[in-house]
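For reference, the chain that follows is the form predicted alone, supplied as structure tokens.
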Amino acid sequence: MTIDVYSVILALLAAATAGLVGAFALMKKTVLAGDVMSHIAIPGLGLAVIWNLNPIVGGALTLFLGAFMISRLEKKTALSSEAAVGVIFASSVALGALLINSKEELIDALFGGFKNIPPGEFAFGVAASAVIFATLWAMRNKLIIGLFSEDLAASTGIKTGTINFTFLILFSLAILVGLRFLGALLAGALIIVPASAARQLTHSLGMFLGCSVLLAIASMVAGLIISSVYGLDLGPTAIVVASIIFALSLLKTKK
């Protein structure tokens, strides 16, 4: 496969944002729910195929709609985040399967491989990555307080509902940045696996966040090299590399 410089830059940004978002998601114990959330992009990808739109536009439509619906379900029905995401997930996968009729298009939607990055999409990816990093940096203290105790966060004036919804939007943005390379099936995996390996290897918050980002980038770089040399698909290759790194991290004994 041939990869231009814009694809490389965007792939590395996708990995960096996935690593950072994954670290916070792991601390919030919502990382698996977030992986399921990446599947919400599937019907949007199907609509993009039908309407001849950029697949990222279609994915964005259903991801952000899904984030809003999950937030409303939590408030209106007292469902947990996992249950609310599960309801939207099941509906999204079923609808996506109905909308995407072409086997090749379905494979692209699930595993990535959309060709040719338009300038507008590259600009969106760079901007979205900047928003993710800046927002997580700005709200890091509120997120950490909320991790330890929502009651403590509420007593200090932190609106946990707003923080959780904002994080859900950031999660959606991270998925969108990586959607072209990893597809709806694997975008969440790059959020989960490097963060899990980093948690195994580190003992402090700062080291954990940095290690998660570095391991995600390393997985993507190795995936880019291996897939280019052997003609493999980038998405599955990068996730296999990340999984190998996680398996090796298990050799380290936690103290």
Partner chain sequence: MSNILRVENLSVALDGETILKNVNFEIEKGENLAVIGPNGSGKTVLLKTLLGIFPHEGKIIRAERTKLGYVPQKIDADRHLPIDLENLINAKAAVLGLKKSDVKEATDAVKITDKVLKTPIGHLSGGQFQRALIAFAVLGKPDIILLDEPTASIDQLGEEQIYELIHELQEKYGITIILVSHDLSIVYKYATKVLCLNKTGVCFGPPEIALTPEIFKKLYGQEHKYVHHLHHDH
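Positions refer to the first chain, counted from 1. Worth saying up front: this structure is predicted, and the values here are computed from it rather than measured.
Below, we refer to the form predicted together with its partner chain, which is not included among the displayed structures.
At least one heavy atom of residue 27 is located within 4.5 Å of its partner chain in the predicted bound form.
Within 4.5 Å of any heavy atom of its partner chain in the predicted bound form lies no heavy atom of residue 127. For the chain shown alone, residue 162 is not a contact residue for its partner chain in the predicted bound form, no non-hydrogen atom being within 4.5 angstroms. In the predicted bound form, its partner chain sits within 4.5 Å of a heavy atom of residue 205. The candidate stretches are 64 to 72, 224 to 232, 196 to 204, 43 to 51, and the one lying within 4.5 Å of its partner chain in the predicted bound form by heavy atoms is 196 to 204. The partner is absent here, but in the predicted bound form a heavy atom of 158, alone among 131, 169, 95, 158, sits within 4.5 Å of its partner chain.
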